[in-house]
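As a starting point, one isolated chain is supplied in structure tokens, in the form predicted alone.
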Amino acid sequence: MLETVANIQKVCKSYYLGKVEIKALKQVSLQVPSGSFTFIVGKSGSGKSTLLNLLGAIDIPTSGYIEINGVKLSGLNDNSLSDFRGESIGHIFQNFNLIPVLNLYENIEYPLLLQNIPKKERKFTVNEFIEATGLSGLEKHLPSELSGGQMQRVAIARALVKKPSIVLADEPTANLDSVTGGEIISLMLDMKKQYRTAFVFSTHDKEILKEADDIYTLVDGTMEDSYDK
């Protein structure tokens, strides 16, 4: 049996617009195995991004609980939650979210600076991921000097450089052409095999679902039956 990295049990999330309660998630449960590709699919407004925000410790459930590496997120105070998020969870965004004034090397290094990793160790680790993501020779380039595919590779390297147990990818191929998107998914597959990182995706891209280990469907905030490929 595969080790479980993330365990989500009976999670509900509600928001209020004025006095109106919006139930974004309703009794959602799922498990994410180590080193897996898990996909969350559903129409816009189904709750995919809300679920990723909860799993990424960016937001907190209204009820239910989430565990990552056996740690119940609801048991952490704000500072501990921020530290845990920085150490254990990586994020890849469809709009890349690179820091425009930092070059490629500095963007990848940034999460390690936040963790106060010593300079020598930072340099070794950053160079490891620059090479692994095929970005060697571009270290001094600013994001504005890179293609969309290159920027997404930087985003992947930045997410993985702290070697998290889980990486959350919100529509990672949405702003890429099909060829580049395929290359990015192949790169992620290589990364999960090499580092045993679990990836959780939200996507509308049916093509990349071929690579899924598990697929979960959200409909109006409710989880439909999951199935293995």
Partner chain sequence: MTNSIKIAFRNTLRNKRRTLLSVLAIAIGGVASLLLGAFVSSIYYGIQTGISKDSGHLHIHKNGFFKYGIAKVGQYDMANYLDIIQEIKNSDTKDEISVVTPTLSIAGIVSNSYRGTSQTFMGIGLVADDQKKMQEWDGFGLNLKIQDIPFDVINDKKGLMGKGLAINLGMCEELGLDGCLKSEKNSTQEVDPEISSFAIDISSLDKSVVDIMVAPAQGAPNISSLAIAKVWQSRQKTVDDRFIAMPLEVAQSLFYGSDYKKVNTVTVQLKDVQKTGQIKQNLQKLFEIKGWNLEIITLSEFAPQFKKVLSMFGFIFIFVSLIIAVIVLFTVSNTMTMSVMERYKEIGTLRSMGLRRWGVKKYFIIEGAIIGVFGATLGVTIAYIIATTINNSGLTWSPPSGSDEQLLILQLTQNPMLIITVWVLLVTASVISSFLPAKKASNMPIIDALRYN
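Residue numbers count along the first chain shown, from 1. All values derive from a computational prediction rather than experimental measurement.
Absent from the display: the form predicted together with its partner chain. The rest refers to it.
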Discussion item. Whether Asp59 contacts its partner chain in the model of the complex should be assessed with a 4.5 Å heavy atom distance threshold; does it?
Written reply: yes
Worksheet entry | Partner proximity in the model of the complex: Leu102 to its partner chain, non-hydrogen atom cutoff 4.5 Å | yes
Discussion item. So in the model of the complex, is its partner chain close enough to His141 to count as touching (4.5 Å, heavy atoms)?
Written reply: no
Worksheet item: Should His91 be counted as a contact of its partner chain in the model of the complex, where contact means heavy atoms within 4.5 Å?
Response: yes
Fill in: Thr180, Asn69, Asn53, Gln27 - the one with a heavy atom within 4.5 Å of its partner chain in the model of the complex
Asn53
Response to the item:
Answer key: of Ser147, Asn97, Ser74, Ser136, within 4.5 Å of its partner chain in the model of the complex (heavy atoms) is Asn97
Worksheet item: Does each of Asn79, Asp83 and Leu113 have at least one heavy atom within 4.5 Å of its partner chain in the model of the complex?
Response: yes
Response to the item:
Within 4.5 Å of its partner chain in the model of the complex by heavy atoms, the stretch out of 36-44, 61-69, 184-192, 158-166 is 158-166
Practice prompt. Would you mind checking 7-24 for residues with a heavy atom within 4.5 Å of its partner chain in the model of the complex?
Written response: Tyr15
